[in-house]
Ligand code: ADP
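Just one chain is shown here, as structure tokens, and it is the form predicted alone.
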């Protein structure tokens, strides 16, 4: 079995003019685990994802994938990376399968291989019978599942999900959350799940709390609660995010 992917972020800062979006952020993902990045809206989560996906250049600090700077191995990173952004990037007027075929072609997969992999991922996500429908006909939860299927099509080793359940009902959020967690166990996939929703975390999850562009705490939810004398993730989140700047 392939070793799970590693990702290390060290002393990363990012500015939009005079505004500080990330301030000396350091964190290391636990390979093959569901890693949670927890922070309120505006904490800097999406900026960090933009750096990880190379939409933005790193202004300060370093990000390493499998021990090498992502600026030195951009092709290796992008080939090993699956991403679900907060805003949907599906083409609503294409079918589910056509959206996956376009993605697969960008990764150099043959039509035969794309369709084989698409059938596998869509079946696993309960969408096998919807592949010929236009995305426009799907509800929000099913569109998110299509985006996850697309992100998995090229067999990435690292999966990034930025507020993947935003705007969905409770049942859909829970179903997608549990489906992604199963990938860690079944495929040794390293996952970074960014969210502001406390109910999406479990006590054993490796968790980083990001607030006002700074890492406020990191560790499992359970260990952080114990260390900070908080009864549960909600109290822990309030403890760090109600504080002002250090």
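Everything numeric here is computed off the predicted structure, so don't read it as measured data. Numbering follows the first chain given and starts at 1.
If you look for the form predicted together with this ligand, you will not find it shown, but the lines that follow are about it.
In terms of contact with this ligand in the predicted complex, the residue from 203, 42, 61, 31 that brings a heavy atom within 4.5 Å is 42.
In the predicted complex, residue 12 stays away from this ligand, with no heavy atom inside 4.5 Å.
In the predicted complex, this ligand lies farther than 4.5 Å from every heavy atom of residue 69. In the predicted complex, this ligand stays beyond 4.5 Å of every heavy atom belonging to residue 177. In the predicted complex, residue 21 approaches this ligand with a heavy atom inside 4.5 Å.
Segments offered: 61-69, 214-222, 181-189, 34-42. Contacting this ligand in the predicted complex at heavy atom distances within 4.5 Å is 34-42. Within 4.5 angstroms of this ligand in the predicted complex, the stretch 125-157 places no non-hydrogen atom at all.
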